[in-house]
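Given as structure tokens, the chain that follows is alone and in the form predicted alone.
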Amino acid sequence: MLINGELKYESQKLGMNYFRVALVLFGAQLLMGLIAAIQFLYPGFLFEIFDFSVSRMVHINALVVWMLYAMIGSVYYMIPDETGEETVGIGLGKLAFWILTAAVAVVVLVYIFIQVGPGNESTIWFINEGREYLEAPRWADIGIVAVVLVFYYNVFATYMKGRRTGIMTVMVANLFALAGLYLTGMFFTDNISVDQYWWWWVIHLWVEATWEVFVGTLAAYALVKIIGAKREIVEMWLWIEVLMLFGSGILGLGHHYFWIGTPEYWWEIGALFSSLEPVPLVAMFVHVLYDWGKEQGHCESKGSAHALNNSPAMAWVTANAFGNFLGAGIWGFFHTLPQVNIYTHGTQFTAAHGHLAFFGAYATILIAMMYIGVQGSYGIKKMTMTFKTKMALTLIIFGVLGMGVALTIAGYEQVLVERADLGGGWDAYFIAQDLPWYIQAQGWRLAMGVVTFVGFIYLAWDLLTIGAVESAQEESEGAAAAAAA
């Protein structure tokens, strides 16, 4: 099991608690995804017991919440390393953790057992706000804001008290924007287009600007921690990312605007700028790795090179650099081009992009941070890849890529049949979903989902055991070396 015996700071212990809950919610997300995938093929599965609308809702919201847990955990873990100080207000942070966890548990139970309510204010406050990705009832919405405000106060106060590195400067500024953007989705308007406009600010600008910058800070910290990357390099690319993402994130959101009644020029602006977002992260990774390789070559003879000290984390950071570029960049770009998007919008192309982008851009770096946390918890000097590590990495990446390809094929069938051939009407939608290409693609999506879930089991198993295994191995090697001396 994960332990905190070697951790010096209470902040890092709190970060590990956030990682534990994140891992549980990650498993719940995948399980709900499997149920939804089965229901796509067999609509009668659990009908009127656990409907598709509910399994899909829990699947998507568990995704967002487990990533937020892992993000908060990552920040609490890295703050002492970056600032040299214990987190200010750590007692308040612990209280907020338990309040948030209790609230999430209640919301999930309401989703599963109550599901829907009357079409009035009581439903919005106590059951479901009815807005995709933001289905939490209003009381939970307000509670999330309160918890995040406590979290932000802790981070900002610690930053002001301790060492102010470039990584933490970007993190603190970005967290302010991240919290602010969530607030734009907390009010309703009578005009559906205006309401959707603000909803997209939360869903997509949250992700395409603040989350991407957040990932950049975690990647920078991880590279410094794992291979001793030069701070001037990672921080230079972080500032380039801030400049590009807050511009490209805001303008990149425009590829949704045309569909809610805004001028047509947003198509071109949105498609162009949204494709630029992953570039700084890939550039930072390649630049750091190139310099590290050169340094290894120059210093090897002197024995002063900075060796790789956490292979599992480095593997997931590598997956993040290229998964972000593939899922968010390439898959996002080729279906948001205006000449293409007129056919692909609202098809399984969107789902393909979503699966690849969320996994490639966010899940991978958060898993890397979990391995860094395990290494610190057990005081391991050099963590190597176990069989379980390799199985988790292989199966999860292969499974998610397989789902992405399968959903792309389903989307391609929809574009050809439903949109281009039959004109995109209501009948065309159902005809397209009954054809062999679509059904086979959804079958492969389910199969690849099973592969991903098996990979998750290996991942959870590895995170729960690798610390004890590696720690014992280091102790035995140390004892053997002492005996030989």
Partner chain sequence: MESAIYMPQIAADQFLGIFIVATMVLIFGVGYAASITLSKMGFIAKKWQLFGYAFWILQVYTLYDLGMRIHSSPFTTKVLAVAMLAYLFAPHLYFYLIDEAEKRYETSEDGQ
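Note that the coordinates shown come from a computational prediction; the quantities given were computed from them, not determined experimentally. Take the two forms, find the largest set of C-alpha atoms that superpose within 1.5 Å, and that set is the rigid core. Residue numbers count along the first chain shown, from 1.
If you look for the form predicted in complex with the partner chain, you will not find it shown, but the lines that follow are about it.
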Item to check | Contact segment among 281-289, 85-93, 376-384, 205-213, judged by heavy atoms lying within 4.5 Å of the partner chain in the predicted bound form | outcome: 281-289
Checklist outcome for this item: Checking L337, L134, V172, A103 against the partner chain in the predicted bound form, the residue with a non-hydrogen atom inside 4.5 angstroms turns out to be L337
Checklist entry - Pick from Y111, Y182, Y197, Y412: which residue has any heavy atom within 4.5 angstroms of the partner chain in the predicted bound form? => result Y412
Next on the checklist: Each of K390, L393 and Y438 having a non-hydrogen atom within 4.5 Å of the partner chain in the predicted bound form: is that the case here?
Outcome noted: no
Item to check | 4.5 Å heavy atom contact, G329 to the partner chain in the predicted bound form | outcome: yes
Checklist entry - Taking heavy atoms and a 4.5 Å cut-off, does F333 contact the partner chain in the predicted bound form? => result yes
Next on the checklist: So, Y343 and the partner chain: in the predicted bound form, are they within 4.5 Å at any heavy atom pair?
Outcome noted: yes
Checklist entry - Does L272 reach the partner chain in the predicted bound form if we count a contact as any heavy atom within 4.5 Å? => result yes
Checklist entry - Taking the rigid core as reference, does I269 move its C-alpha 2 Å or further between the shown form and the other one? => result yes
Next on the checklist: Relative to what's shown here, the Cα pair V317 and V288 differs by 3 Å or more in the predicted bound form. Does it come closer or drift farther?
Outcome noted: closer
Checklist entry - Is the CA-CA spacing of F333 and L289 tighter or wider in the predicted bound form than here, given a 3 Å or more change? => result closer
